[in-house]
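Below sits a lone chain in C-alpha cells, taken as the form predicted alone.
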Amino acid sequence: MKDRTRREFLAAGGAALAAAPLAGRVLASAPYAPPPAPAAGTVGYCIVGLGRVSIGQFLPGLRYAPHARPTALVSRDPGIAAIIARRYGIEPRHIYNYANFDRIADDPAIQAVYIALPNALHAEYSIRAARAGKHVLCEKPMAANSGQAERMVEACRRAGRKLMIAYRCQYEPATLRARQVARSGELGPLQMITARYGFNISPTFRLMGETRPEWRLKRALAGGGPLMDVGIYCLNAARFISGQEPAALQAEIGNTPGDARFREVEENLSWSMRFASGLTAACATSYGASLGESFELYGARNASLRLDPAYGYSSHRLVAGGAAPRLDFTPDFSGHRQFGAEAEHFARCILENREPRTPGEEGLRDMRLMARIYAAAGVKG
C-alpha cells in the first residue's frame, strides 16, 4: 500500500478501530468476565487493532485458551485502549500506539502479537513484530497480495519467529469432522464441492459517533472485494477438507452498473476449480447479496456432507446425506471458543517449539490462488 494511503488511513483513526462500528456498541456487545487464572506457562498476546473482531471475539475467546492471556494493546484511541485494558487487567504501561509500536521489543510481557488490522497493514505490522522478536498470529486474509505475504514469511523466518494465519475454522470441531469423513473414503471418491458465502455490504460504518467509508471497499486497503473477505473461507475449506490442491480454475466477476460501492472492488465473483483427482468445485461470493454460508461435498457412493452454517462465529452444523453413515453434528462451540482454540493452539506451539497447523505458508497458498482467480476473471494485478 502506498505510504500516503497508509498515513491517511492511520490519521483517520481507521487502523485502531478499522473494523469497529460505534465504539460504545462494540464494547456493549463484548460480554465481560474476568480472565481465569493462567495455566503454568502462558503466552502473552499483544492485540494490534481494537475493532469488532478483536474486542468482540478474540479477547473474549482467550478465556478458553488456558495457555494464553492478553498482556498488551496497540491502538490509536487511548480512550478505547484504556477501557479494554481495565476490562482485561492490562497495565497502562503495556498500551502502545502506532507511532511507538516498535517499543514492544522491550516489553517482556509480550511473546506474540495478534494482528487484526485492514489487510494492507498486515504485512507491515507482522514484519515489524517479528523484527521486535515477537511471534505473529495474523488474521486472514494473510495480506493484500501475495508479494506482501511472501515478505511476511521471509521476515518471520529470518527472525526465527513463528507465523500463524488465523484460519479459525481449521480449529473448529465440525470442520475437522468433515475433513476426517471426507478423507476416510466413506463417501467414495470425491466428486464435487459447492461453496458460497456473501452478504450485502454497507458503504459506511459508524465509528466514534461518526459515519465513515467502509475500508473493505477500498482496494488499496483490502486488496480486493468479497473474495478477500469471505470468499477465502470457501477457497480454504475446499482445500482443507478435501486435502487436495486445485490444478486449474476459471472465474467470472459481475458488478451492478452504477453501484458506487464497487468502483474499486468486485461485487460478485464466482469461480470453479478442478483438482487432479477429477474433483471439481463451484464457489461464489458476494458483497451484493446474502448468499448464506454453506459448504457441500459429494462423493461417488451417493453420499454427501453439508456444513451449514459453515464459516460464521456461531456453532457450525455438519450433516451427512444419501448413503453416507448417519451424521448430524452441531458442536457446542461458540464463536468465542473458535478464537480461543486458535489462540491456544498458537500458544502451545510457541511453548513447545512446534509449527502451527496454519503457518504462513498456508496463507500464502490462498493468496497465490486468489491472485490466479482474479487474473482468470480479468482483474489486473
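Please read all numbers here as calculations on a predicted model, not as lab measurements. Position 1 is the first residue in the sequence shown; the rest follow in order.
Unshown form predicted together with a small molecule; subsequent notes refer to it.
**Q** Any idea which of 212-220, 127-135, 153-161, 241-249 reaches within 4.5 Å of the small molecule in the model of the complex, heavy atoms considered?
**A** Looking at the partner contacts, the answer comes out as 212-220.
**Q** Candidate spot 271, 288 and 370, all three in 4.5 Å heavy atom range of the small molecule in the model of the complex?
**A** Result no, not one residue of the spot touches the small molecule.
**Q** Can you tell me whether residue 141 touches the small molecule? I mean in the model of the complex, with a 4.5 angstroms heavy atom cut-off.
**A** Judged by the heavy-atom cut-off of 4.5 Å, residue 141 is in contact with the small molecule in the model of the complex.
**Q** Going by a heavy atom distance of 4.5 Å, is residue 98 a contact of the small molecule in the model of the complex?
**A** Result yes; residue 98 sits at the interface with the small molecule in the model of the complex.
**Q** Could you confirm whether residue 67 comes within 4.5 Å of the small molecule in the model of the complex, counting heavy atoms only?
**A** Residue 67 lies outside the contact set for the small molecule.
**Q** Is residue 236 near the small molecule? Define near as a heavy atom within 4.5 Å, in the model of the complex.
**A** Close contact is absent here: in the model of the complex, residue 236 is far from the small molecule, nothing within 4.5 Å, heavy atoms only.
**Q** So which of 88, 298, 171, 205 reaches within 4.5 angstroms of the small molecule in the model of the complex, heavy atom to heavy atom?
**A** It is 205.
**Q** What is the one choice in 283, 305, 310, 121 with a heavy atom within 4.5 Å of the small molecule in the model of the complex?
**A** Contact residue from the list: 121.
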